[in-house]
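This document starts with one chain, in the form predicted on its own, laid out as structure tokens.
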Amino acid sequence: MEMKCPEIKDALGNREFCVWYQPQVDMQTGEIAGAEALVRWNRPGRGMVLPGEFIPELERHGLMPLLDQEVLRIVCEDMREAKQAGISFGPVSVNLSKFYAAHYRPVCGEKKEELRFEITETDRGLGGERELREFADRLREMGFRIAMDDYGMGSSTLKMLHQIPFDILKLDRYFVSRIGEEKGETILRSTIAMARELGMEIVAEGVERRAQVCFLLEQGCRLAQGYYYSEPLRKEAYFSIRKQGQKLPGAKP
């Protein structure tokens, strides 16, 4: 179904968006180390709409900063709710869109140790390398850790790693899905070794098979997110497993 920008803009004003959380898991122990915040539109009369259906329209009209700010508001609100309930919420990663650098403003109550920002390597809407570098520096000066998302899918990966002080490197699911292929494993092996040498934390995305878990652990990558451990969860479900201190199934013994 085609979506028009005014309808989506109204949805932002009506606060029809919500955030689901996909756990990031320590593959060695099964313990939850944090989560990635994933936006959903609870569209009246239709139910949950995935971002691939509405984000392109917002991008075309330059309205992504409004969605980014709404996601940040929801995440910070959820953090406060978890704290009041005595739940250890854990670090949450929020992906900032390519349009957001010039619009970022702090959200009341943000905790630097609980909130992380992801910058997608393939984004080229931040106005150029200098603007991206200044934006990353600004976030780090404010005390936030930043991650390079979709690593390996852009055109200037190594240059970005050299110029921008990323704290976390997220291995794109494309390369994780190539585990089992000689070339794919060679690329991952060298990438993980490089990231560790640079002192970066590494998170593998799209982990779906036990063989992938075993390979990643052998190379020194301990954190992962993907359906092998958990699909994205509604806030209430994520709160529940955090409150119980639950370990997710499928961890390496």
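Keep in mind it's a predicted model, so treat the numbers as computed, not measured. Heads up: residue numbers just count along the shown sequence, starting at 1.
Unshown form predicted in complex with a small molecule; subsequent notes refer to it.
Per the 4.5 Å heavy atom criterion, the small molecule in the predicted bound form is contacted by stretch 60-68, the sole one of 60-68, 180-188, 27-35, 194-202.
Although the partner is absent here, Arg133 lies well away from the small molecule in the predicted bound form, with no heavy atom inside 4.5 Å. Put simply, Leu96 is close to the small molecule in the predicted bound form: some heavy atom of it is within 4.5 Å. Although the partner is absent here, Leu50 is a contact residue: one of its heavy atoms lies within 4.5 angstroms of the small molecule in the predicted bound form.
A residue is said to contact a partner when one of its heavy atoms sits within 4.5 Å of a partner heavy atom; Val39 meets this definition for the small molecule in the predicted bound form. Though the small molecule is absent from this view, in the predicted bound form it lies within 4.5 Å of a heavy atom of just one residue from Asp78, Glu114, Glu118, Asp167, which is Glu118.
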